[in-house]
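In the form predicted on its own, a lone chain appears below as structure tokens.
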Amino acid sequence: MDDDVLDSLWLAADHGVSFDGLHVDRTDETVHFETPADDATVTGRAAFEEVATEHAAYVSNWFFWHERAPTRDDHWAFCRWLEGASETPVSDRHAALDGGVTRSWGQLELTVSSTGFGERRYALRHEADADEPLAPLTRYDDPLAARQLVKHDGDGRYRPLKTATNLPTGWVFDDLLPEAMLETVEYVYPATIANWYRERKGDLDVTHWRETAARQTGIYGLVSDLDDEAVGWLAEACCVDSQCCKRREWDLDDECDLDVPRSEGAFPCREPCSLVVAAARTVTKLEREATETYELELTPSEKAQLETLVDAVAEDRLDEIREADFDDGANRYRVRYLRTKLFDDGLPDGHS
């Protein structure tokens, strides 16, 4: 066992150590050493080193969390969560870390491994690449690279919402120290660790829709006119697992919840984001329009096709439709046929 580890524990034992099942107290040369599986009192540094080595899993665990782990409260808690420290005994966790312990964070797959006595290394990749070998993936070791990496989706389109479910694939950060791992996560999903920690502590400050809408000015000032039902439709369109990795915690206000299911993301959404506000501006203008009645004659199959087309656009699956798959209602040629049949001469007859 490394002398630095033994020196650290020897000095700490003078004031008492009690952490994750390890208890060590020292009075001069006499040391009481206790774990869930053992209880011993020894005298002298040599005997102390011997018993500490016999319980290396507990000693290395204590050393990491007190000498190597990040000290900021939310970062420390996040690293503990990653390896399941609160629910997994040290002996089991020590064995699991040899092979790597994996958690999901949005679309990230994070793996923590033990790479030496009291040391951890972290790997991050897209969850879609979880079963891919490392060789085909582009490897990075600088957290700053993540900032550029997540600006665009896999098709090169700009990502205005950092927590959207279109994180690009094909990359890996595979050998990061704790602070570098945390910095990388922050570039991919800004402020999510801090808000996750505040929620766990009961300190998450939530700004609900009505307060958010009331403080909008300029071209966005009109969003406060959006009625409650439309706000619900907006949340159902934008704030669901298929569209955003966050879990919506905001409602209409403190006393009035939205009648919309919440998503299941690991980290909370504490207020309507700028994308939701921008969408609300357009929706508000559309909702101000007077309704009209249109008559459109459709066969049952054509009605089903229109429903399929709307669904395909809403779920962003147009790129998945094969060019020769004419059975799919959103097939490009079928849609062009329907457009020619129904709309090439303008609006259908009978509108009023």
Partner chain sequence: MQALVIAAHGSHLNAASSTPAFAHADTIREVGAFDEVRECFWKEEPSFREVLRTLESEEVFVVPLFVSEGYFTEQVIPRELRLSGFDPEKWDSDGTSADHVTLTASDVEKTVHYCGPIGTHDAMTDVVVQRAESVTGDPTVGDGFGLAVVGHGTERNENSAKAVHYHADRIADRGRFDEVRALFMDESPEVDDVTDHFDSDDVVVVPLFIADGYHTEEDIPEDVGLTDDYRTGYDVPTTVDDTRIWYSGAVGTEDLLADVVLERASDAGASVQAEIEQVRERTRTVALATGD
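Positions refer to the first chain, counted from 1. From a predicted model like this one, the values you see are computed outputs, not experimental measurements.
Another form, the form predicted together with its partner chain, is not on view; read the next lines as being about it.
Q: Run the contact test on His23, Ala77 and Arg103 with a 4.5 Å heavy atom cut-off to its partner chain in the predicted bound form and return yes or no.
A: No, none of His23, Ala77 and Arg103 comes within 4.5 Å of its partner chain in the predicted bound form.
Q: Picking from 112 to 120, 86 to 94, 203 to 211, 255 to 263, which part of the chain touches its partner chain in the predicted bound form when contact means heavy atoms within 4.5 Å?
A: In short, 203 to 211.
Q: Using a 4.5 Å heavy atom cut-off, which residue among Gly99, Pro136, Gly154, Pro160 comes into contact with its partner chain in the predicted bound form?
A: Of Gly99, Pro136, Gly154, Pro160, the residue with a heavy atom within 4.5 Å of its partner chain in the predicted bound form is Pro160.
Q: Examine Lys246 and determine whether its closest non-hydrogen atom to its partner chain in the predicted bound form is within 4.5 angstroms.
A: Yes.
Q: Flag Asn166 as yes or no: does it have a non-hydrogen atom within 4.5 angstroms of any non-hydrogen atom of its partner chain in the predicted bound form?
A: No - in the predicted bound form, heavy atoms of Asn166 and its partner chain never come within 4.5 Å of each other.
Q: Is Ser242 close enough to its partner chain in the predicted bound form to count, meaning some heavy atom within 4.5 Å?
A: No - in the predicted bound form, heavy atoms of Ser242 and its partner chain never come within 4.5 Å of each other.
Q: Indicate whether its partner chain has at least one heavy atom within 4.5 Å of a heavy atom of Leu144 in the predicted bound form.
A: Although its partner chain is absent here, Leu144 would touch it in the predicted bound form, with heavy atoms inside 4.5 Å.
Q: Let me know which residues along 212 to 227 have a heavy atom within 4.5 Å of its partner chain in the predicted bound form, or say none if there are none.
A: Counting only heavy atoms within 4.5 Å of its partner chain in the predicted bound form, the contacting residues of 212 to 227 are Arg215, Gln216, Thr217, Gly218, Tyr220.
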